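Consider the single chain below, provided in structure tokens and representing the form predicted on its own.
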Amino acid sequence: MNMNLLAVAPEVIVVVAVVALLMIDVQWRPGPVWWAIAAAMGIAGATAAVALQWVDYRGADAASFFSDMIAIDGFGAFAGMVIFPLAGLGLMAAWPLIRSQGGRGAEFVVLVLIAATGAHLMAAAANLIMLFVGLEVFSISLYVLAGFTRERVDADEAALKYFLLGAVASAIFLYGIALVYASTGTTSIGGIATYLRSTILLRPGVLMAGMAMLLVGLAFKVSAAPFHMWAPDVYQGAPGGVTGFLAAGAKVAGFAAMARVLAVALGGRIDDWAPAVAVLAAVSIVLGTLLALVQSDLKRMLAYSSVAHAGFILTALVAGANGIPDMWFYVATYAVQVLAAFTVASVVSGATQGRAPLSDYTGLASRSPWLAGMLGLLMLAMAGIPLTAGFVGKAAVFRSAIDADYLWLVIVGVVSAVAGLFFYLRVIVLMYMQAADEESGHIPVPGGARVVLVAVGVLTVLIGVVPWPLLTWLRDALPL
């Protein structure tokens, strides 16, 4: 295959699927079955394309194409192998929401596919300009998805808040690109790294300001404190069916971009940005854990939990490129877990609804033992209980931080992880140790949600028990 074509093959395949879906829908209005077929073909084709990139470039020198705008390497390929299947799982979980929207359901499917394309562009970008383009494609799609249901005011509020704060973060990120360009004379990620390795900056103030703005812009996307203000309101207000993909996709795309910018472009200045990342990680872990403790809504609790998890993932990045395999392990496993947790919330509290009061989960074990068991497993995994992928992920990122001489950050993480057990176990206590209301009946589980939960449950336990194949595999998922 022509390498220029291979570089953009995932995006081209998804765009073809999007165009075909829209044209078929406008012409014949075939309904959800054809939407599912078009989406499945696009996602399967894109996944196959990034798998081919992985086979050809894992552990090898990166290649860049289209005037050094897009890179093919193990890093971008692995990102695609997470992002595109994640979009497929997100669509399966959201299918009741899609069906409820009638003819607008096709638009929802299209927006998810476009968001996945933008997310992969962020991971595969070899230039800060292309990274910004991917970020905007991804973000604008999520802004619309957050307010996709028109009948609820809180969904409109969530979308507007996400859009306004996201626009500010994007502007800060763009200004950071301008300052880095002013300091180095290039926006190429590899070019910046080469310049910083070969040049001594006597007055690095402009570069430092640019680095800070890039970090702030990307910290917003991954909901790291104190740039997390949008996450609780958006997660709670957005339709239950889409929240899982919104939360998981933002983590994967945001951290992929952050790792490429910090570890590659600015890797030569790690002594300047690593302390800032460590502080950001500690603040996220502590603040996210404390605020999650006092929530009475499952989606808000998961939102603050995601802030804490962003801090844990940042813990690996303080080690620079050496921490990227451990970062990937945590990001990939957490992304599927949080998507599955929000899937349970959408089944119990409603796919079109925003709020998910913890009272809805009282006695869930008697109303739906299967849902309660899956949510209980996910809570234990996110808490980092042994024999789950969450435990291995925390151990991995702590190892990276210790190797980078950030023992104090590991101590903060361990103490907070123990404290975080409270709000995860509280959900399990509600489900298994409190009686349900007499009016509460059995909760049916849609087929798509069942597939998502089974797949994630198996992966969570399997990777928790046998993590070494994935950890070894991820040694080749580096930006080169």
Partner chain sequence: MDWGNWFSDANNVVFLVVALVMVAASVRVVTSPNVVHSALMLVIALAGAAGLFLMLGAEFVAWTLVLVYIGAVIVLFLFGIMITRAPTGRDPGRLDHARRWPAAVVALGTFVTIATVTTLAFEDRPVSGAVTSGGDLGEVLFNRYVIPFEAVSFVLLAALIGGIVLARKDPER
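Positions refer to the first chain, counted from 1. Quantities reported herein were computed from a predicted structural model and do not represent experimental measurements.
From this point on, the text means the form predicted in complex with the partner chain, which you will not see here.
Next item on the list: Decide yes or no: are Ser366, Ser400 and Tyr424 jointly within 4.5 Å of the partner chain in the predicted complex, with each residue judged by its heavy atoms?
Entry: None of them does, since no heavy atom lies within 4.5 Å of the partner.
Checklist line | Contact test in the predicted complex: Val8 vs the partner chain, heavy atoms, 4.5 Å | finding: Looking in the predicted complex, residue contacts with the partner chain include Val8, since a heavy atom lies within 4.5 Å.
Note to self: Check Leu111 for me: does it contact the partner chain in the predicted complex (non-hydrogen atoms, 4.5 angstroms)?
What the structure shows: Leu111: contacts the partner chain in the predicted complex.
Notebook entry, point to check: Taking heavy atoms only, is Thr117 within 4.5 angstroms of the partner chain in the predicted complex?
Noted result: Yes, Thr117 is a contact residue.
Notebook entry, point to check: Though only this chain appears here, would Trp34 touch the partner chain in the predicted complex if you measure heavy atom gaps against 4.5 Å?
Noted result: Close contact is absent here: in the predicted complex, Trp34 is far from the partner chain, nothing within 4.5 Å, heavy atoms only.
Check: Going by heavy atoms within 4.5 Å, which of 129-137, 370-378, 300-308, 240-248 lines up against the partner chain in the predicted complex?
Finding: Single hit among the candidates: 129-137.
Checklist line | the partner chain: the contacting residue among Thr362, Gln101, Gln353, Ser170 in the predicted complex [heavy atom, 4.5 Å] | finding: Contact with the partner chain in the predicted complex is made by Gln101 alone.
Notebook entry, point to check: Exactly one of Gly88, Gly147, Gly190, Gly166 has a non-hydrogen atom within 4.5 Å of the partner chain in the predicted complex; which residue is it?
Noted result: By the 4.5 Å heavy-atom cutoff, the listed residue in contact is Gly147.
Note to self: For the stretch 65-84, I need every residue with any heavy atom inside 4.5 Å of the partner chain in the predicted complex, listed N to C.
What the structure shows: Heavy-atom contacts to the partner chain in the predicted complex: Phe66, Ser67, Met69, Ile70.
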